[in-house]
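There is one chain below, alone, in structure tokens, taken in the form predicted on its own.
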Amino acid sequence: MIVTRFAPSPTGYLHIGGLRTALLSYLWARRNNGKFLLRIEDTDFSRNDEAAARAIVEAFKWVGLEHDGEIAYQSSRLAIYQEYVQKLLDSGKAYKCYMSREELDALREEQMARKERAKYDNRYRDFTGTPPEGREAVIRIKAPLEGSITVHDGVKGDVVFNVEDILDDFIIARADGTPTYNFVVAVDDALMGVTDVIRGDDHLSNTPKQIVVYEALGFPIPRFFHVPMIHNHEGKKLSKRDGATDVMAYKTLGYTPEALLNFLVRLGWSHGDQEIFSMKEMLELFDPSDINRSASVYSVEKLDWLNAHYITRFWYVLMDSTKRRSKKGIKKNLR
């Protein structure tokens, strides 16, 4: 069974790039009679915004994307993450690192002065001595020291990462015990049975780290589909001025959910020359393997055209319904 998920961080509004990712994940799960899950990644307590979390749920309701089961909040799963951190410690696949922030900064400065990639030097990887007094430890996972990691991506094909260029023994739990992003993402996706991860290609560089976690814990690796970003007409990252604003702002501006979803599905995906897609057609036709490899371009003119189409169709349907009710009333009075 296909299981997808949308996993936003409640640190700001839900913008249209996030909604597009959610839509594609929803379509792929529903087309295959699978499950579409919603997970709120709220372990960064210093940046969490409860209003932003509520806005995500509100946006989902407005556009009609129904998720399966209860919303999963990572903040309520901390005991689970600590359990799996301990498993890695017990199996020797992770270790305590007592390196101070000052030592790490000094190391990075030395490496940059030698024009080397700044990274942790694994000094506590096989440490058996006495820990420095009064110093709290972070937990680091043992990453491969050489070779490569290949991400089998349904959009981009095989992407090969050289271990020496991108990895070190990265932190999976901070000194206060809170887990880090790449660790909890892998644990949650595995425990929730996620089979297909559809997300923006800004997450592609995180994937090798997540694969390290999957393999260390013996979890199956899901299929990945990294979707190219949405750009403005100048080929640059979409800004708030271009349209990367709160999804609910589109409702305030008078856009219909049907127009917005139709617009978003066409950003990076197509089916011949067809431009108008009902939800039924999206569910019948969408396949993430058909997503374009190049970035899509945001066009407010295209969105306005679609919105006009759906508003016009709505009025035609309303007028037709009114006429039919009127005819029924006339016939009833003639009897």
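In this text, all values refer to a predicted model and were calculated from it rather than measured experimentally. Don't overthink the numbering: it's just position in the shown sequence, from 1.
The next section is about a form of this same protein that is not shown, the form predicted in complex with a small molecule.
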Going by a heavy atom distance of 4.5 Å, is residue 203 a contact of the small molecule in the predicted complex? yes
Interface membership of residue 140, the small molecule in the predicted complex, 4.5 Å heavy atom rule: no
Spell out, yes or no, whether the shortest heavy atom distance between residue 7 and the small molecule in the predicted complex is within 4.5 Å. yes
So in the predicted complex, is the small molecule close enough to residue 199 to count as touching (4.5 Å, heavy atoms)? yes
In contact with the small molecule in the predicted complex (heavy atoms, 4.5 Å), from 230-238, 107-115, 178-186, 250-258, is stretch 178-186
